[in-house]
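One chain comes next, on its own, written out as structure tokens in the form predicted on its own.
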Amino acid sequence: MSLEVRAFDAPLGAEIIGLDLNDPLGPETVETINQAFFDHHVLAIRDQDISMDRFMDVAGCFGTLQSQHVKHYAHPNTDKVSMISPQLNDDRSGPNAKPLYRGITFHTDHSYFPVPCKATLLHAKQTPSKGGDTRFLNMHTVYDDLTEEMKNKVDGLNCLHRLAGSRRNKTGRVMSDEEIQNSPTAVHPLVWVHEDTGRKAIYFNPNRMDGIEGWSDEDSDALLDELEALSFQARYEYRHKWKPHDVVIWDNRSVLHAATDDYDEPRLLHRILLEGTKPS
């Protein structure tokens, strides 16, 4: 069966069909997948029963693997893979421990570093019988749909990104005072010009920002609130329903993503990050 890229009936995303990731990936296959990655921003490859070592080999065909910054979630055998599971976290001690559902608000991975990661790959090792979807927003289309007045307003602005950003909501793991004090920070353009395609996208991280550089908190919050309201619409969204052994890769320069917490069965995903470049 030849390789087929089948776009989803959604504002972004495509499925790669006719591919067995246990087989070597030749140059033509890698080129086809890369082009689909640029065109569709989120790719799903179903039914891939591969080992963790093979998962790392496949990821290496598309970029340089990045060490996981949150060491608590790193796989015990390598810091190039982390384990995403509400059952594996530091909030499960004590008689009233509850699973921690990470990343349930829209975000892009590691924007609070000077050089954010280019792409994220997940491999589904265990999935619940229902729920646990991952949602994606097409931030290129969000930018394209802005009025010319708004485009002129946001082009050229920079945002301060911080792990413990002041706009952070109260969901997720509670940070220690030391983590907040030592929170990594970076300044990035609010409009990212994708280095591989030249397309513009709104680049922000609602849960990991302090605000727009040089603006008052009031003006900054007003504009970012408006952009969030424009972005968080169903017409920009693809919702991935996980199946066992799915491999999904997405472009952090092009999309926001969010997990869902509507399940209580065991769920385990292996995650790999690919090194990126400084936004322009």
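These figures come from a predicted structure and were not determined experimentally. In this text, residue numbers run from 1 along the sequence as written.
Keep in mind that the form predicted together with a small molecule is not shown, yet the notes after this line are about it.
When the small molecule is considered in the model of the complex, Leu21 lies well away from it, no heavy atom lying within 4.5 Å. At a distance threshold of 4.5 angstroms between non-hydrogen atoms, Ser111 is out of contact with the small molecule in the model of the complex. Although the partner is absent here, His270 lies well away from the small molecule in the model of the complex, with no heavy atom inside 4.5 Å. Put simply, Leu12 is far from the small molecule in the model of the complex: not one heavy atom of it is within 4.5 Å. From the list 251 to 259, 225 to 233, 209 to 217, 31 to 39, the contact stretch for the small molecule in the model of the complex under a 4.5 Å heavy atom rule is 251 to 259. Proximity to the small molecule in the model of the complex, defined as a heavy atom within 4.5 Å, singles out one entry of Val142, Leu122, Leu163, Cys117, which is Leu122. Comment: the small molecule is not present in this chain, but in the model of the complex one of His107, Arg199, Lys153, His75 has a heavy atom within 4.5 Å of it, namely His107.
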